[in-house]
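In structure tokens, the next block holds one chain alone, the form predicted alone.
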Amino acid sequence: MGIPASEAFAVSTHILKQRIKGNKRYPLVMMLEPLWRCNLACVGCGKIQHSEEILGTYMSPQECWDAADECGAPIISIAGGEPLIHPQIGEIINGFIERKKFLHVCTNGLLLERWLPRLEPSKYLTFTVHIDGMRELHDEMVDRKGVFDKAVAGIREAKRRGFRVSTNTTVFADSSPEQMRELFNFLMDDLDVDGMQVSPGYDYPKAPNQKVFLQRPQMIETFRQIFAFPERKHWRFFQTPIFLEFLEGKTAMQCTAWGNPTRTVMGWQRPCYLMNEGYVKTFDELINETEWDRYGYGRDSRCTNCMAHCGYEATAVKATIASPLEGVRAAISTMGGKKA
């Protein structure tokens, strides 16, 4: 699975407590979007198509911490927009570390080197840098030259300073299996990142380029080819074996949208990180008043081509915790190392 043992233990303990309490729906990861402004306009992004007034709105550090307390998830994923644009992101990060929340700061890496000297490495902090391919492909996906080199430089410096670094790769129609093979080998063997995340792109209706998205059968075939490469056994993923098998079509799962609730500058977003049917003021409203059974594969047409980790990884994590065999498989996958 790739994640640190302490983080995996926190998630396992959280799930056990929720089951003892008899809670049917509970969060595992809170998706926090303290701003929507970004310094890039990626071709497959549906998060930046807002008015200037909304793009100029920022959650305060206290609002961020209060949302985490309200939600109770053991892991916080700070996304956006670009979180390192937030003028108080250092305070927000340190506040979560003080509260012993495992924190993943999702960044395009452009500002990473600027912030590193202001922060201290911690087992609670992981920088997740978005890398969609090697130089040419990545810069094409983010629609700006030079971004790949800047992100790679940030990763190298973060590793040099002792920070935990993972990567997040979105697979699009232009992402050939061979390109993903080259990328994952580079991330493991050259950059020595602590782990990787991978997911098919979600077909945001407002994304600037609709041609980049794969249909579900294409997604499955692409991931089958990617995971068939012999180097696969050396790739460390911050994801469960069950989810990765789901991407290959080997395992059928239904989405657990409430496992990764999203708090944005507008409030708690219904029903999930990728779809927006309005906002509510409290986490309790989100969990208890959302008609969750309306959403998911075979239920809502917008979910037909979604195989994103923010929906399905929570399902996979719960299955892993419930099965001793899956727990062993996840532990073994954590040990994946560099090629001999």
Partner chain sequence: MDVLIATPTRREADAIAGRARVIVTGTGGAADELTHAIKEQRPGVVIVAGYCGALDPSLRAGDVVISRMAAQAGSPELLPEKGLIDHVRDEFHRRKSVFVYSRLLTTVHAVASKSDKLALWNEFGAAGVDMETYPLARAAEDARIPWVAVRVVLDAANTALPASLDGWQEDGDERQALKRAALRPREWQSYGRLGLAYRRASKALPRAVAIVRAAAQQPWERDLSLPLV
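Note that the coordinates shown come from a computational prediction; the quantities given were computed from them, not determined experimentally. Positions refer to the first chain, counted from 1.
We do not show the form predicted in complex with the partner chain, though everything after this point is about it.
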Note to self: Considering non-hydrogen atoms and a 4.5 Å limit, which listed residue (N185, T251, S176, S122) is close to the partner chain in the model of the complex?
What the structure shows: T251
Note to self: Which residue, D69, E277, D300, E289, is the contact with the partner chain in the model of the complex, using a 4.5 Å heavy atom cutoff?
What the structure shows: D300
Notebook entry, point to check: What stretch, of 108-116, 163-171, 242-250, 263-271, brings heavy atoms to within 4.5 Å of the partner chain in the model of the complex?
Noted result: 242-250
Checklist line | 4.5 Å heavy atom contact with the partner chain in the model of the complex for all of V152, R156 and R232 | finding: no
Check: Applying a 4.5 Å heavy atom distance criterion, does E53 contact the partner chain in the model of the complex?
Finding: no
Next item on the list: Check whether R216 has any heavy atom within 4.5 Å of a heavy atom of the partner chain in the model of the complex, and answer yes or no.
Entry: yes
Next item on the list: May I ask you to check whether R294 falls inside a 4.5 Å heavy atom distance of the partner chain in the model of the complex?
Entry: yes
Check: Just to confirm, M134 within 4.5 Å of the partner chain in the model of the complex by heavy atoms?
Finding: no
Next item on the list: Counting only non-hydrogen atoms and a 4.5 Å cut-off, give the residues of 50-69 close to the partner chain in the model of the complex.
Entry: none
